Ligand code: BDR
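Let's start with one chain on its own, the form predicted alone, as structure tokens.
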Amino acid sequence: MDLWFDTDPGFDDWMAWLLIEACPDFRLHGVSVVAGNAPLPRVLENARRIKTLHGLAAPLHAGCDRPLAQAQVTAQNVLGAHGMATTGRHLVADEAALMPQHGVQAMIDCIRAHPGQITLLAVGPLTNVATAFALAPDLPALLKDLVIMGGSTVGGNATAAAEFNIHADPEAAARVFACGRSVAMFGLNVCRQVVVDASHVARARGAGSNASLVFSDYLDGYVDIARQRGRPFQSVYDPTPVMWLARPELFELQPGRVDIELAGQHTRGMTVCDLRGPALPRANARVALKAQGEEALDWAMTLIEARLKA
């Protein structure tokens, strides 16, 4: 499967990226970085350091540094100043090259060069994707599939109503869901069925390489966000759609209509998911509802462990 990966690292973005590179079923054509979990310079720094640590092959591009219409918001209040926390070692080296072409144009060029082949996987705010679709209206029809981590059927995390990736750029999300191409949406509701805990930290650390020790300390920092809130486990967000792409039999998706609330005083950024029968003629999405989370995560960790040993 041919992929373009749009991301805002973030630890779970890191885990998703590593899983893509570890899975032999995927061919990653490029990575575009968008402002989200932290401002663009910070998430770009994270991306370069991740790429350096693992020797990841796909070209890396800087994308949009601000939302389409609103003031920038980040998740640094939860994830820390760097957009991801560690309980030990730190990513330090960032020698990985950054391609000179803007991430949006690189995405457009890649999809046009491989019509009907590229699955666009976006796990951050949808600013890069919406900008690409505005500049190249032919792009949605040229995709093999369009997959996002974002939204929710059950309320939000950035606000009571809105999931962070949608909350960070609701206008971009509205454009993407209106692009004429069905969106496979992996929201909070399904990602919370896939969880990591201390046992997964131990598995990663057991790979024994320097990369595994750094990765496991950040994985522990990710789990620690939940520990500080009284839970021993943390939901896995951005890797979940990667698991579905490789192991679709472990997930249940349902067609539906998804609209983005742009005006509500308390509900701006909400994904209004209509899964009723009467909504199906207007369906613009496939909404992930159920995951066999333990099996999916075990599959993912097995691949990641092998990659960390390399």
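Position 1 is the first residue in the sequence shown; the rest follow in order. Computed from a prediction, not measured in an experiment: that's the story for all the values here.
Just so it is clear, the following notes concern the form predicted together with this ligand, a form of the same protein that is not shown.
Looking at F164, you'd find a heavy atom of it within 4.5 angstroms of this ligand in the predicted bound form.
This ligand is not shown here, but in the predicted bound form it comes within 4.5 Å of a heavy atom of D238.
Among residues of the shown chain, N157 is one whose heavy atoms approach this ligand to within 4.5 Å in the predicted bound form. Using a 4.5 angstroms threshold between heavy atoms, A96 stays clear of this ligand in the predicted bound form. Just one of M149, V190, V176, A132 comes within 4.5 Å of this ligand in the predicted bound form, counting any heavy atom, and that one is M149.
Screening A226, A136, A211, L79 for any heavy atom within 4.5 Å of this ligand in the predicted bound form leaves a single hit, L79. Of the residues in 8-33, those that come within 4.5 Å of this ligand in the predicted bound form through at least one heavy atom are, in sequence order, D8, D12, D13.
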